[in-house]
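Coming up is one lone chain in structure tokens, specifically the form predicted on its own.
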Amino acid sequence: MNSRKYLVEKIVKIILLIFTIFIVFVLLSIFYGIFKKGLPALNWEIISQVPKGGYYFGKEGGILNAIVGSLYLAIGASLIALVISIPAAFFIHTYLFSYPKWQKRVRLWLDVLWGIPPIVYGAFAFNFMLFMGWPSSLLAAMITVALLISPVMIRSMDESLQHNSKGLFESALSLGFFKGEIGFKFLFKQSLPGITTAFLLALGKGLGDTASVLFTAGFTDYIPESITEPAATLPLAIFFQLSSPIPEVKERAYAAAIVLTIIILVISILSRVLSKRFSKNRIK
């Protein structure tokens, strides 16, 4: 019997190892393909200049407008989502603390919203903009992306809050603290690593999203000076340049993909570092 269990464990271990190696291989293949095609076109000019006349025909210019536009969009949308998500997550864990059935329902609704494709958010926002008579703009894209990443952020914070000790909440209640005070005075500090990670992950998702901003952000070769102006983003720049039949323009699309990948990698590493740093203050 023990030899059979040992054999099953070995088989499962081998299967898991195979899938792990496969995932790593696919990831490295993606990196290799992007860097192989994009590195020849990646230079200081492409990341420090906006597109000039004839850029989309292989002439001078760069993608600075898309880099700045992506950062504006992702940071703005993440801040809007943060304002929505922190109260929502704390509401689930404080005012719904005594109603576990409603907690499960709210989490189910958030999971459903999380699973809705970004293009659906983009189509909804586009129809709403047409109804209101609003033009494509950075603000419209920020709101759309904020709606898209809010369920992700809330659920990430929710998972972090679930790791807090229930005794901490009950002890604070017994001392006469209001539920709102408990949320923002105790749970906030304890959940700061999870909140930081959720914000940075949502920031990365906002940077990489294309479908939800396709109809809302518009596109421009200039850096927006106001949130009411249209804005270019790196995913849209990659999409438009890959659609070009000119080889030089396609190479620049892969160079833009390298820039986007590096930014997201930096955000991912930063989320790990900050999460580890803030975890030192948690009560376990």
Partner chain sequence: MNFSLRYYIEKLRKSWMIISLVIILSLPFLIGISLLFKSWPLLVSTPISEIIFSSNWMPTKGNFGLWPFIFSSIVVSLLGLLIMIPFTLASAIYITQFAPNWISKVLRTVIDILAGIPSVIFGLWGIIVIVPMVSEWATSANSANASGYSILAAGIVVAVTTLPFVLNMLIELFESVPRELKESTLAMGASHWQTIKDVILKKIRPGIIAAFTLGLSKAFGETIAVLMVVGNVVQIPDSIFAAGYPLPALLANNYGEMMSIPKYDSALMLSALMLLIIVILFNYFAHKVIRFYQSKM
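Please read these numbers as outputs of a predicted model, since none were measured by experiment. Residue numbers count along the first chain shown, from 1. In this text, rigid core is short for the largest set of C-alphas that superpose within 1.5 Å between two forms.
The following text describes the form predicted together with its partner chain, which does not appear among the structures shown.
Undergrad: Hey, in the predicted complex, is residue 43 touching its partner chain, heavy atoms inside 4.5 Å?
TA: Flag for residue 43 set to no.
Undergrad: My question is simply whether residue 249 lines the interface with its partner chain in the predicted complex - judged by any non-hydrogen atom within 4.5 Å.
TA: Output for residue 249 is no: heavy atoms all beyond 4.5 Å of its partner chain.
Undergrad: Would residue 151 count as touching its partner chain in the predicted complex under a 4.5 Å heavy atom rule?
TA: Looking in the predicted complex, residue contacts with its partner chain include residue 151, since a heavy atom lies within 4.5 Å.
Undergrad: Evaluate residue 270 for contact with its partner chain in the predicted complex, applying a 4.5 angstroms cut-off between non-hydrogen atoms, and reply yes or no.
TA: Residue 270 lies outside the contact set for its partner chain.
Undergrad: Spot the stretch among 254 to 262, 44 to 52, 221 to 229, 66 to 74 with residues whose non-hydrogen atoms come within 4.5 Å of its partner chain in the predicted complex.
TA: That would be stretch 254 to 262.
Undergrad: Sequence order please: the residues of 208 to 228 with a heavy atom within 4.5 Å of its partner chain in the predicted complex.
TA: Stretch hits, in order: 208, 210, 211, 214, 215.
Undergrad: Would the C-alpha of residue 17 be classed as shifted by 2 Å or more between this form and the one not shown after rigid-core alignment?
TA: Residue 17: C-alpha displaced by 2 Å or more between this form and the one not shown.
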